[in-house]
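Given as structure tokens, the chain that follows is alone and in the form predicted on its own.
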Amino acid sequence: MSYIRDLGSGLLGSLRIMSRNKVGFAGLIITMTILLVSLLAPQFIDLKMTADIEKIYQGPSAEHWLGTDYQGRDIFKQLLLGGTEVIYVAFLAGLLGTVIGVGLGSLAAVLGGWVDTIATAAAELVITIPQYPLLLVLAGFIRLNSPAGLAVIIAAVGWGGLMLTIRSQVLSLKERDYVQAARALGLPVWHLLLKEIIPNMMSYILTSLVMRMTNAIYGMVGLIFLGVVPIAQNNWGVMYSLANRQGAIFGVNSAWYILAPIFTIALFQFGLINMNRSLEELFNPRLRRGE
């Protein structure tokens, strides 16, 4: 019970700190709401949809809050169902890209020598080639028939800039007195990185994770729109692509079909980006006013 009480107290304290930045806290609320709805709605709401040609492109009503699509299916239900895959790809791609960038950048700075030379050259090669054309080329050679595969491809082209930035920060941090003291004690490299260096970069790392999630969403939606990714499941990107192909933007009622996923993606991006402000309040003590 004491563990649960301490955990609850810690969460409340973290929320209190994050709520100091009103815009950031609003972003946190928006992000968490979309996450919870996307993950929980399929468990509680019947999202099975069948085509109904008598209800094609109907406007918003009490029965269909955002109207219907080109097959007479409910648009609002598709929004509830379509977030899970987008969030999964965004989080996995962002996490993989962050792990690669932080890991290689940290090792290159601490170990130096040939490790630093090879890692830096690889990062410079990745950022030299325009990211989106590179993504299209890789997608053309690799079958992207699963969300995990798509996330891996997106992560593989987006870690270069983060690696170079982390390398620069670690080169500075490893000269600090506490790191030098740890090295003098003969502590291993993993201890220097995990205990002494990386915790001091956590605010920047989390910010980079969020930015990579937003970039992953753009990459995923772009590939779906261009037809590189097979349209096998419903998600916000698929909704946008199908709505564009069906000319939904040209009708008064049908416009809801293309605007709904665009607005939802934009709202999720807005929440993620602004949530960074509250994360900085939480992980950067220098920003905590009044303490």
Partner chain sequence: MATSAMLRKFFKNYYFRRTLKAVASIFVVTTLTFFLIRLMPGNPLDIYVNSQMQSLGVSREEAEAMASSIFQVDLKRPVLLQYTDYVTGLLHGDFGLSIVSARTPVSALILRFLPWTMFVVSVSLILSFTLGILIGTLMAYKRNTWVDYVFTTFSSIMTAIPDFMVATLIIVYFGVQWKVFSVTGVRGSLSPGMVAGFNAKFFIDAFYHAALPIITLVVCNVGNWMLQMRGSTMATLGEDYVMVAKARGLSEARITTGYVGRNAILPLFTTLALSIGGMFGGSVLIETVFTYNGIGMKLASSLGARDYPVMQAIFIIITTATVSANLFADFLYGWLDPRIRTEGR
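Positions refer to the first chain, counted from 1. All values derive from a computational prediction rather than experimental measurement.
The next section is about a form of this same protein that is not shown, the form predicted in complex with its partner chain.
Peer 1: Just one stretch in 126-134, 95-103, 75-83, 169-177 has heavy atoms within 4.5 Å of its partner chain in the model of the complex, so which one is it?
Peer 2: Only one stretch passes the 4.5 Å heavy-atom test: 126-134.
Peer 1: Counting any non-hydrogen atom inside 4.5 Å, which residue from A26, I56, V228, L39 sits next to its partner chain in the model of the complex?
Peer 2: Going through each option in turn, the one that passes is V228.
Peer 1: Which residue, L138, L206, I198, A182, is the contact with its partner chain in the model of the complex, using a 4.5 Å heavy atom cutoff?
Peer 2: The residue from L138, L206, I198, A182 that makes the contact is L138.
Peer 1: Would you confirm whether the three residues L12, L35 and Y88 all fall within 4.5 Å of its partner chain in the model of the complex, going by non-hydrogen atoms?
Peer 2: The answer is no: none of the three residues contacts the partner (heavy atom, 4.5 Å cut-off).
Peer 1: Is A108 a contact residue for its partner chain in the model of the complex, using a 4.5 Å heavy atom cut-off?
Peer 2: It does not: once its partner chain is placed as it appears in the model of the complex, A108 has no heavy atom within 4.5 Å of it.
Peer 1: With a cut-off of 4.5 Å between heavy atoms, is A155 one of the residues that contacts its partner chain in the model of the complex?
Peer 2: No, A155 stays farther than 4.5 Å from its partner chain in the model of the complex.
Peer 1: Under a 4.5 Å heavy atom criterion, is V221 part of the interface with its partner chain in the model of the complex?
Peer 2: Judged by the heavy-atom cut-off of 4.5 Å, V221 is in contact with its partner chain in the model of the complex.
Peer 1: Can you tell me if N21 lies within 4.5 angstroms of its partner chain in the model of the complex, counting non-hydrogen atoms only?
Peer 2: Answer no; every heavy atom of N21 is more than 4.5 Å from its partner chain in the model of the complex.
Peer 1: Is any part of 78-115 within 4.5 angstroms of its partner chain in the model of the complex by a non-hydrogen atom, and which residues would that be?
Peer 2: Nothing in this stretch is in contact.
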